[in-house]
Structure formats: C-alpha cells, structure tokens
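Form predicted on its own, single chain, as structure tokens, below.
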C-alpha cells in the first residue's frame, strides 16, 4: 500500500507538457490542477494567443455581433502554467522525452499531452491561394481578415465547399445581404456529414435564402488581375464567375506533420490512441507517458463497433481532454475510458441543426418527428439493424431520447410509434451518403478503421 501511494504521488508531480494551446489543451490543464497535479505545467501553442473559442468565428464574429479577439475561453481556475505561445512544436523525441519548437528551443517532459487539433485545408494551388481575396477560416486572425473584407461589401462572395463551415459562412453572407455562390463537389450541402436525404433539405434552405448553390461541380481555378486581386473563378462545367472574395472551406487537416519520425502512430487521419487516450506507437503498443485528446485524436468507441473515430466536435474535445488529464495522473485501476457520444450543432439559414451519434456510418434514415418539407424534424439513422445517430432541425428536444437509444443499442427502426410522425417518416429509406472513396467537402465525423497502425508495423503517412 505504501508503495502504491508513493507511485501515485509521483504521478502527481514532475513536468507535464501540453502541446496545443487549444480548447482541449486548456480543459486538460485545468483538470490536471483540479485533480491534484502539483508539478510543473507547460503550455505550448503555435498561435500567439491564449486559448479561444472557435465556433463563434464562423457565426457571431463574421456577423459583427462579437468583436474579433473577444472569444477567449473562460477559465475554470488558475493554472500556474508556463506559456510558450507563438512557437509551434516541430519535432518529438520520445526516447529523450523532448519536444523541439520552431524557435530552436526544446522542452523536456515527464508526460506529454498532444492537443494540436486541425487546421483549414488550403486551396491546393499556392499561387492562387495567395491572391488578395482568397481566405480560409480557422483562426482568429483568419476571422479578422475575412470580417474586414465582408464589411467592405464585396460584389460577390464565393464559398468553396458546402460542409458545415462553408454553409455557415454562406448563411452569414446572406444575413449581411451579400450575394454568395456556393460550389460543392458532392450532390448537396452537408452530404458528407448528414447524407443525401438531409442534404436535400439543406439545399432547399440555401435556395430559399437566395444562395446561388452549384452542386456536382468543382472550382478548377482562381484567376487574379494584374494587381494580384481575385477577379474570377472557373468551374469544372466550363462556367466562370466574377467574385471579389473566395472562402475555401474544404475541410480540415490534422496537425501531425511535426510527429514524422517520432515513432508515434500519427498520420493524416490523426494520432491513434486507446480509449484511455494513451497514444499508440507505430508497432501498435500504447505509451504510458504520451496522451492525445481533441480533434487530432483517433480512438476506438465501443458503441460503434470499436471503430477508430476522429471527432471534430467541441464537446468531444472537452470530454476527451478531461479523461486524458485524469488518466495521466491516475494509477491503472483508477483510469477511465473516453465514452462520449458524439454531439454536434450548427446554426445556419435560420435553423438550428444538432446531431448525436455517427450519422455517416448509417445506411438508412427514418424521420421520427416533424416533416422534411417543413424544415423542422428529427430523423434517426440506422446501421445493420440498430440506431447509431439522429439529427434534428429546430427540434433538439428529441435528441436526448435518441442518445439513450444509441447508448442502449436500440433496434432500427424503433419498435414503437413516436409522436408527431408524418407519412414521410413511416418507413426507413437509404440515407444517401456518397461513396467514401469519392471525396466531398468533408464529414465532421471520420470513421477510420480498426487498426491503429493501419495493419502495418512500418508507419508511413500518406
């Protein structure tokens, strides 16, 4: 017992380094202190700012309701931490327990938590991406640049990609009474995240709000004028469009490049970890001193066949960070798994969209309440005879009920009649997700297989 107590005290001392001054990083650091960690705590971030909230950037900030720079995350407690901001991590030496930074310095650790998250996928042509008027939206600096340009009243805005972020930006443009065109490679907005049935409803909303929505096409080029300003976009169907602003909303890239050669199972789909947030190495063996949380993590979830899930969700970042922090300073028998049920929300075109579970695993969908034609409904998703997800348009009150069905592995379709079911919801129909081998503009939840090392001992990121 005395030895066990000594080991527990040791875990609550030493030096913990958090790479990623993000929502997940902040909540993990707070949890470490709340649960008794008394050692040295270092927070490393690539941006010069302390952790801030990102969801408002594509909503309230772009609308001018919240000033840029006023989205700092509230603190639950003081951290007594060393902050290394504005210097990104560039390398990890697991043997030496050392993180190298972009400014040439290094930081040694006893335990490491990686919460580096994701970044916006840029426009692939660097010259075109550098045109004045081409934007991405992920950081507060991105938002400052974009909101300034929207205030100037461009004659037309082009949004490339109709996932959640792209659709929210288009919604903001219409609220600002700006002409906006949305180009989507898939057959409908939100199709990668919510499927074709719901994508049709999203398309109706965009048309209703005056969006020039073009699906089934790609932007093949961005053209500038002699001064390097964006003037025109070209499409795969041969059309061209004059635009002064283009926002690239092609999904996200996980920040794992700095881990190349480190020995961790890190690649384009994230860093593989177990349900307790311990990182896998390239051999598929967990590390007891490197943990992962937030958007950059891939972890198995027992509710979804132990698939490794990468979740770009605000709530998941918080829940997983708290589990990781708890496990970093707890002995094995006191550790707990990360079992958070995925939950997501979006506000666009006058509708609050919320989902629970993993919709893009589904093969069928059934409208349980409300009506698709009225744009106010709740629909359940099924896979292999069980409920795995639900989505609500302005009917969030039902999601808690469906979350319980997901967690209890309830059969699909549900074996009882629910209230307010209309004719269109009497039987399941195909959910309408695109072929996963054909990229659209990105689901928010990525199902990425069973093996943490892609069934290979040698791990080479694509």
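Only a predicted model underlies this, so the values are computations on that prediction, with no experimental measurement involved. Positions refer to the first chain, counted from 1.
Form predicted in complex with a small molecule: not shown, discussed below.
Among the residues 81, 372, 282, 118, the one placing a heavy atom within 4.5 Å of the small molecule in the model of the complex is 118. Proximity to the small molecule in the model of the complex, defined as a heavy atom within 4.5 Å, holds among 245, 203, 250, 87 only for 87.
The candidate spot formed by 22, 45 and 294 lies fully in contact with the small molecule in the model of the complex, as each residue has a heavy atom within 4.5 Å of it.
Under a 4.5 angstroms non-hydrogen atom cutoff, the small molecule in the model of the complex has residue 59 among its neighbouring residues. Contact annotation: residue 33 falls outside 4.5 Å of the small molecule in the model of the complex, judged by heavy atom distances. When contacts are judged by a 4.5 Å heavy atom cut-off, residue 55 counts as touching the small molecule in the model of the complex. Though the partner is left out of this view, residue 312 does reach within 4.5 Å of the small molecule in the model of the complex, counting heavy atoms only. Contact annotation: the small molecule lies within 4.5 Å of heavy atoms from the stretch 163 to 171 in the model of the complex, the single such stretch among 283 to 291, 182 to 190, 148 to 156, 163 to 171.
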